[in-house]
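Take a look at this single chain in structure tokens; it is the form predicted alone.
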Amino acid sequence: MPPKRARASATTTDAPSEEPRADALAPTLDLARSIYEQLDRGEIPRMRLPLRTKQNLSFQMREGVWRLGKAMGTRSARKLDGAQMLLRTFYLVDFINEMARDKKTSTLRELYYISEGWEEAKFGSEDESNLLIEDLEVLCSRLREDFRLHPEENGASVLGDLTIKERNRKGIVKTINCRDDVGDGGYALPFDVEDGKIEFVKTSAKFVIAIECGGMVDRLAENGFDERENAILLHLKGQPARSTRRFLRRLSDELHLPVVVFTDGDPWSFRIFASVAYGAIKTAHLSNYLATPSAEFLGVTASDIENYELPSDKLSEQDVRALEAERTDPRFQTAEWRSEIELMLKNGKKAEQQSLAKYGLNYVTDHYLPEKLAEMGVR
């Protein structure tokens, strides 16, 4: 099951209620209470949580997502490392609840530096603090956004006929159309895109096209592709942020919009698609929340490089190793993906989205995308 998410009304202009946050943070207090009771009984404190190891992960073919298995591990204060991790956990729980009380948020990087004042509990690296936050998500069945923690960067930019209501930092709800009420850069997704923050009002769009490169988003927008094809353009900004992936999942689930992914034609871009459609090992505990299994890969494919005679570059050794790994990656085991990976390895070529400009600035919107979308039954 996806983590439970505290819900808040998005139809009032009053300041947001603190009740949803209190509900979201309740499991952290339950965790602290459990450790306190163990100490009060004179026991060596411990906590159990699912193991997030490769051996305890599996790709569920029917659902098309990564899943955590049932294997559990124990964190105990019996050893120094375990005691330090428990100490860090409760400094983190205290910090999270302090932020909720003071109505503050923190970036992941700020949290790492905050820990410098935690003496023996301070983190040795930002990776350590990030991993502990993920553990807390698993333990409490909540999201780091519920803990008021977020990365430095926000999510994607969105351009198209999608009207939303967004609750701002002051609790005021504003109605925004992602085409008419925004600048050329589109509507910028905040780190929290849940229905307590963003409510979908209406759209005339028939599908969503998630695009890797900003230059290609600009090309489609300048050519009026979103209006002509009734599409929502979403800039992935490379490997998509969690808020981007969650937003796509909500568009798919709540508005029933098909999602197609348009990237460069190389192994790293294939992985961008995989993270959107199937999720990632690192966030397997959030697959039902972040992955959009119905998403389809539009291109650029190895076949496109040949069929459209696109300008290309030679695969590097690193590219080849990545493709070899994708041969055995369970996310790429359909006949179509195996065929495309084998063809790319055989031809030794990769190509960028912008290579379609070989045929002029209108070619991608007048020919390539309409042809590909028609083949997919989306247009």
Partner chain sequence: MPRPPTIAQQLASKQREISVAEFFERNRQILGFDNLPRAMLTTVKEAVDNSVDVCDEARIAPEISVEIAKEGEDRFRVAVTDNGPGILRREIPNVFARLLYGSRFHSNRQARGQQGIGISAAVLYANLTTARPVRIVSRVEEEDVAHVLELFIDTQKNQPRVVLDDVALPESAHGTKVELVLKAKYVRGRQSVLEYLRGTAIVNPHARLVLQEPDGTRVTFERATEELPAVPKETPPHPYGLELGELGSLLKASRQATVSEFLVKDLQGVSARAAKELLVAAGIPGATKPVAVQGDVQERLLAALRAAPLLAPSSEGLSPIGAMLIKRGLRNVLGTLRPDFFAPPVTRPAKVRGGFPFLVEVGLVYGGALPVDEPVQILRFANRVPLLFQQGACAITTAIGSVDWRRYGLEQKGGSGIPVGPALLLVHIASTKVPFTSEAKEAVAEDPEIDRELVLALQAAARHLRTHLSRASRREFAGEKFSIIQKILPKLAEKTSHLVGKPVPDLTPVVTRIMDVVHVETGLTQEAKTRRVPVTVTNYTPRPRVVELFLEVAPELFARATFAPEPDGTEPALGRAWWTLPKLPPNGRSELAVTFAAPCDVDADDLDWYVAGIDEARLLGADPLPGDWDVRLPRTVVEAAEAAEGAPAGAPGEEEVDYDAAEASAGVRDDD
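Between two forms, the rigid core is defined as the largest C-alpha subset superposing within 1.5 Å. Predicted model only: the values in this text are computed from it and were never measured. Positions refer to the first chain, counted from 1.
Below, we turn to the form predicted in complex with its partner chain, even though it does not appear here.
Contact with its partner chain in the model of the complex holds for none of Ala156, Glu166 and Asn230, as no heavy atom of theirs lies within 4.5 Å. Its partner chain is not drawn, but in the model of the complex it has a heavy atom within 4.5 Å of Gln84. Interface membership of Glu254, defined by any non-hydrogen atom within 4.5 Å of its partner chain in the model of the complex, is ruled out.
Remark: Asp181 does not count among the residues lining its partner chain in the model of the complex, judged by a heavy atom distance of 4.5 Å or less.
Interface membership of Ile35, defined by any non-hydrogen atom within 4.5 Å of its partner chain in the model of the complex, is confirmed. With the partner omitted from this view, the residue of Asn288, Asn307, Thr74, Thr175 that lies near its partner chain in the model of the complex is Thr74 [heavy atom within 4.5 Å].
Of the residues given (Leu343, Ile44, Ala26, Val320), Ile44 alone sits with a heavy atom within 4.5 Å of its partner chain in the model of the complex.
Segments offered: 347-355, 309-317, 35-43, 334-342. Contacting its partner chain in the model of the complex at heavy atom distances within 4.5 Å is 35-43. In the model of the complex, Glu119, Glu120, Asp127, Glu128, Leu131, Asp135 are the residues of 118-151 with at least one heavy atom within 4.5 Å of its partner chain, listed from first to last. The Cα position of Thr301 differs by less than 2 Å between this form and the one not shown after fitting on the rigid core. Leu343 shows a C-alpha shift below 2 Å between this form and the one not shown [criterion: core-superposed Cα displacement of 2 Å].
Taking 2 Å as the criterion, Arg321 does not count as shifted between this form and the one not shown: its C-alpha moves by less than this amount when the rigid core is aligned. The pair Lys170 and Glu98 is looser in the model of the complex: their Cα-Cα distance rises by no less than 3 Å compared with this form. Put simply, Gly196 and Asp30 spread apart in the model of the complex: their C-alpha atoms are 3 Å or more farther than in the form shown.
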